[in-house]
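Presented below, as structure tokens, is a lone chain in the form predicted alone.
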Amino acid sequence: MSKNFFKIIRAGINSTFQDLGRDNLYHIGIPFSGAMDNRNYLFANKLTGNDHNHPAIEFAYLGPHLKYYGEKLNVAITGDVTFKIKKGDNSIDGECYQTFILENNDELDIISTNKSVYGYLTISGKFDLKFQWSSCSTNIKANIGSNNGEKLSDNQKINVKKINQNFVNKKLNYINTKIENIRVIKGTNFDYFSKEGKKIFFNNEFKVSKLSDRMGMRLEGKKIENIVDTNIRSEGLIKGVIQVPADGNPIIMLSDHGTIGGYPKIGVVISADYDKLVQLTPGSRVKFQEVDLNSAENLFKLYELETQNLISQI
């Protein structure tokens, strides 16, 4: 029995264990899953001295309220998040992108994300988790991953092992920015859509629907007309692909997406914009901007370079 553990007082809306996900399982219908916002996930692990693929708690909107029992450990939270650290009768406002110490009987109350969706919690130790296909990432729609493939729940206990005793305070000066123009490359069924439909896709605003989760983001706007067929023979999907069903409203496939689908694909969100895309809250307005494949590759290289430069500052 572990002497170091968290007791979950409140689990939050959608709190799960995530890492970088699982590779090369599309052929059996298993997507990558993993952290939705890869950059903020990597920052959190670097702050607490972990390797880049260390399990973290990902939460959405209302985060977990945890009580800690055991030896002191370092903790970090990334994202645009409001949280408090409770030490006895004292309540301290927490700061994102900066480590802080939790000691026996301290509480961590992650109140909310601010004008964003996802935040990340890491510790200078290891959550005691079972891995599936070399990953802890939880896909609750398929019951895959740690915690029996389920979200965290109230009154649950999370054991901690192998605490890293390096308590050097670390901080990163970073501000999350919003994105309005989502850059895309043309999809494999781009020519299924009318000239007017393509014009609407690239020139009109779309609103992020409430019907969005880790599996996909539904958008609402002027109908994108299909002039060939609103259904195709099911074929492989990738993260970021934009399908358009018969109602003409785009759906963007996200980290827990199904691996095949039968709706025509008008475009694919470039990898450089994915982390910011997933942080768009319901009601946000977005527009799509076309780029070619070569530009998409260069933009991703720049985004990766910027991420590594920021990590090196920690």
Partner chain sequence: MIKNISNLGDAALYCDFGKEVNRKINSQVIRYFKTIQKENIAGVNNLTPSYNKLIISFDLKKINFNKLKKIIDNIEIIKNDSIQNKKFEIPVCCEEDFSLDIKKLEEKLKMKEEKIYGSFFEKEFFCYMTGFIAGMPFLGDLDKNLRAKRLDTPRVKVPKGSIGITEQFTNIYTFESPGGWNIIGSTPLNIFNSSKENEPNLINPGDTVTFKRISKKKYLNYNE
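Note that this is a predicted model, so its numbers are computed, not measured. Residue numbers count along the first chain shown, from 1.
Not on display, but discussed next: the form predicted together with the partner chain.
Proximity of residue 29 to the partner chain in the model of the complex: non-hydrogen atoms within 4.5 Å are present. Within 4.5 Å of some heavy atom of the partner chain in the model of the complex lies at least one heavy atom of residue 235. Residue 258 belongs to the set of residues with a heavy atom inside 4.5 Å of the partner chain in the model of the complex. In the model of the complex, at least one heavy atom of residue 132 sits within 4.5 Å of the partner chain. Only one of 259-267, 65-73, 43-51, 281-289 places residue heavy atoms within 4.5 angstroms of the partner chain in the model of the complex, namely 259-267.
At a distance of at most 4.5 angstroms from the partner chain in the model of the complex, none of the three residues 7, 111 and 254 contributes a non-hydrogen atom.
The contact residue chosen from 166, 188, 104, 91 relative to the partner chain in the model of the complex is 188, the criterion being a non-hydrogen atom within 4.5 angstroms. Comment: the partner chain is not present in this chain, but in the model of the complex one of 161, 87, 157, 141 has a heavy atom within 4.5 Å of it, namely 141.
In the model of the complex, the partner chain lies within 4.5 angstroms of at least one heavy atom of each of the following residues of 275-302: 293, 296, 297, 300, in sequence order.
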